[in-house]
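Below, in C-alpha cells: the form predicted alone, a single chain.
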Amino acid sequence: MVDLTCEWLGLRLRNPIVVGASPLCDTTEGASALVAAGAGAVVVHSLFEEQLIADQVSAQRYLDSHIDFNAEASSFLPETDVFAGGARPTLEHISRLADTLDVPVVASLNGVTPGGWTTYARELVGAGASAVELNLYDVATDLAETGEAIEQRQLRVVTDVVGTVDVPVSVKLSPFYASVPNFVSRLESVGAAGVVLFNRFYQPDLDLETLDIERHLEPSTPAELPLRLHALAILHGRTRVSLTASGGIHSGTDAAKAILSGADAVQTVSALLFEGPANLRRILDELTIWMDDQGYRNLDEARGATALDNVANPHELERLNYAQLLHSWSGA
C-alpha cells in the first residue's frame, strides 16, 4: 500500500498534487470537481494589485462624472456597495472555497507596492486562506537598478508579509536569479515557509503588420521540467523550506521525477486546462503505480533520491553534462 500523504508548508496534504493558480478554481464547482478527483490542495487565481487599482480608479471616475450633473439627482448614483470591485470578489470566493472544500485553499498574491502586499495578504487570510503564495513577478527595466537592489526589495516584501499574517507564506520565483540557492536561503532567513520553482513568464510577441504587442498564453510542456528538476536537486537537503515544482508536470512520471529531485509537492495547471479533473486522477494513479513498482512505500522514501548530495557524481549534475550533450549531438 503506497502512502501519498505529505507535509507541505506545514500543512498536511493527502497527496502532493496541488492545483496551481489559474482559472481552474474560479468557480466553487470547478474547484470541487478537482478536489473530488484527488487534488491535495488548490491555489486560487492570483490577485493582482495593479488590476485592483485600475478597477478602483475606473469606479471613482464613473462616480465623479456625475457629481455636478444634477443637484436633485443624488439618488441617481448607485451605492458604492453595488460595485463588486477591489478585492471583495476574490475574498468572497476564497471564503466559499474554504467553507466547501476539505483541502487547504491557498491564496495567490501579485503585488506592486509594500502596503499592497501586506494589506491584501491580511485580507486573504481573513477570508479563510490556509496559506499565501507571493508571486514575485518582477521584470527588471531600470538600467540603474542592480540585481541586489531588486532582491533586497523582494526580501522586504516577504519579510513584511510574513510579519503580517499568521499562516505559512510561500514565494513563487522565476529562474532568472544569479543564484537561486542563495536567494532561497535568504527567503528562509526572513521566514518564508516554502518556494515554488518556477514562475512562467508569458512573453509577448510582435505583430509585424500592426507593430503591436501580441499576447499569447502558451501552456507548459514536459520539456520545461528539467530546469525545475535541476533547481530542486541542488536545494534538497540544504534548506528547510518546502520545495514545490511548477511547470511541466503533465503525468505521474513527471511528478515522480520532481519528488525524486526533492520536491515536497508539485503544482499542475496546463495538464488540467484541456482534460480537466480526469487528468488529475490519471496523474495520481500513475504516480501511485510507479511508486509501488519501485518499492517505495511513502513519499519520504523517494524524495531527494536523485538530489545533488545523493547522486553518484554530483559534478555531472552541477554541470548538467553540457559538454557531453554538445558532443553527442549528431545533427539528425
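Keep in mind it's a predicted model, so treat the numbers as computed, not measured. All residue numbers refer to positions in the sequence shown, first residue = 1.
One more form of this protein, predicted together with a small molecule, exists but is not displayed; see below.
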Inset, instruction - Given that the partner is absent here, state which listed stretch (286-294, 27-35, 301-309, 40-48) has heavy atoms within 4.5 Å of the small molecule in the predicted bound form. - result: 40-48
Legend entry - Partner-contacting position among 217, 178, 139, 206 - heavy atom within 4.5 Å of the small molecule in the predicted bound form: 217
Legend entry - Among the candidates 244, 170, 90, 108, the residue which, in the predicted bound form, approaches the small molecule to within 4.5 Å (heavy atoms): 108
Inset, instruction - Give a yes/no on whether residue 135 approaches the small molecule to within 4.5 Å in the predicted bound form, heavy atoms considered. - result: yes
Inset, instruction - Verify the contact flag for residue 200: yes if a non-hydrogen atom of it lies within 4.5 Å of a non-hydrogen atom of the small molecule in the predicted bound form, no if not. - result: yes
Inset, instruction - Could you confirm whether residue 270 comes within 4.5 Å of the small molecule in the predicted bound form, counting heavy atoms only? - result: yes
Inset, instruction - Verify the contact flag for residue 21: yes if a non-hydrogen atom of it lies within 4.5 Å of a non-hydrogen atom of the small molecule in the predicted bound form, no if not. - result: yes
